[in-house]
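For reference, the chain that follows is the form predicted alone, supplied as structure tokens.
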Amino acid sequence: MSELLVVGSVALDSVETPFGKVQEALGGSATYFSYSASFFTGVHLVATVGEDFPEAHLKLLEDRGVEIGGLQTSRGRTFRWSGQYGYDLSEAKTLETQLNVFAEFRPVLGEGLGRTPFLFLANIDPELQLDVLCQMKERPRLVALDTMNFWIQGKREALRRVLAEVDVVTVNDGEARQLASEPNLIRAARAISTMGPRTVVVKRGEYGALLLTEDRLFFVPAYPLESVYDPTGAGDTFAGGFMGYLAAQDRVDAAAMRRAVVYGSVMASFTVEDFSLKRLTRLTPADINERYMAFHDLIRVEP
């Protein structure tokens, strides 16, 4: 079993869907990722929060076993995001973004973190992602990166530089098409793989996930749920399950990648069943195993 490092955002989210709303709930890419991955292996979190960040949220992460020594407390207010979903839960309408202390975030890898064998660069400025890679004392066994349309459009050159240095990229279908300038999703994934990452994971929300590795395709549907309350953080939870499983197995071969995509889908399917991390706080390893087997039955076809 290997340990895992994530660098990203920790935030306070205010979210409204047709099924309810929450105010200043725990959120952020690194939060969802680390909480999800912690069900599989040891996770180190590097991010920043303000002086107003609730102690209860820190305790929630620590109780889950997430190592938060790299979580800086900066002078000012915590990063806040406010969003709203309609009955089409595939995309949020951003109502307000307050970067606050996150605007000045400069990740610093403390003692020992520069040798962590599995690294996830969550959705932050690609120049910061590059800086984190430069701080690594040893080249990690596996480096994965997430990004978004804002960086694809605004910092394409920096993004291309960091893409050339990573092994895996996780993007949603719209971002894949935008990054590759290619409307066909399969061709887009192949084009992205020529930019550096030999493995491309396309997160497709309610339509599942697509994996391209070693020029072979693998597709997993989304788990069929009758109740979906809040999709916020589902992609980061997916990435946490995906990377957490690989780190726990200490394997990065194609077969392990396929299983990791299913575990990522399993974790994401739990997240959307409640707001913020609420469903994950009630999760057990038995729940994860049971849903993994349900996925296995879902996609298995007799020869």
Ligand code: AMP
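Given the structure is predicted, the values throughout are model-derived calculations rather than measurements. Numbering starts at 1 and runs along the sequence shown.
We do not show the form predicted together with adenosine monophosphate, though everything after this point is about it.
Undergrad: Which listed residue (119, 101, 209, 124) meets the criterion of a heavy atom within 4.5 Å of adenosine monophosphate in the predicted complex?
TA: Only one option qualifies, and that one is 124.
Undergrad: Work out which of 105, 223, 151, 229 lies within 4.5 Å of adenosine monophosphate in the predicted complex, going by heavy atoms.
TA: Checked against the cut-off, the match is 151.
Undergrad: Among the candidate stretches 152 to 160, 74 to 82, 110 to 118, 181 to 189, which one is within 4.5 Å of adenosine monophosphate in the predicted complex when only heavy atoms are counted?
TA: After filtering at 4.5 Å, what remains is 74 to 82.
Undergrad: May I ask whether 40, 244 and 267 each come within 4.5 Å of adenosine monophosphate in the predicted complex, counting any non-hydrogen atom?
TA: No, the whole trio is out of contact, none within 4.5 Å by any heavy atom.
Undergrad: Taking any heavy atom pair closer than or equal to 4.5 Å as contact, tell me whether residue 13 reaches adenosine monophosphate in the predicted complex.
TA: Taking the distances in the predicted complex, the answer for residue 13 is yes, it comes within 4.5 Å of adenosine monophosphate.
Undergrad: Does residue 262 make contact with adenosine monophosphate in the predicted complex, using a 4.5 Å heavy atom cut-off?
TA: Answer no; every heavy atom of residue 262 is more than 4.5 Å from adenosine monophosphate in the predicted complex.
Undergrad: Against adenosine monophosphate in the predicted complex, would residue 135 count as a contact residue? Criterion: heavy atoms within 4.5 Å.
TA: Looking in the predicted complex, residue contacts with adenosine monophosphate do not include residue 135, since no heavy atom lies within 4.5 Å.
Undergrad: Against adenosine monophosphate in the predicted complex, would residue 234 count as a contact residue? Criterion: heavy atoms within 4.5 Å.
TA: Residue 234: contacts adenosine monophosphate in the predicted complex.
Undergrad: Can you tell me which bits of 87 to 114 touch adenosine monophosphate in the predicted complex, meaning any heavy atom within 4.5 Å?
TA: Residue within 4.5 Å: 97 only.
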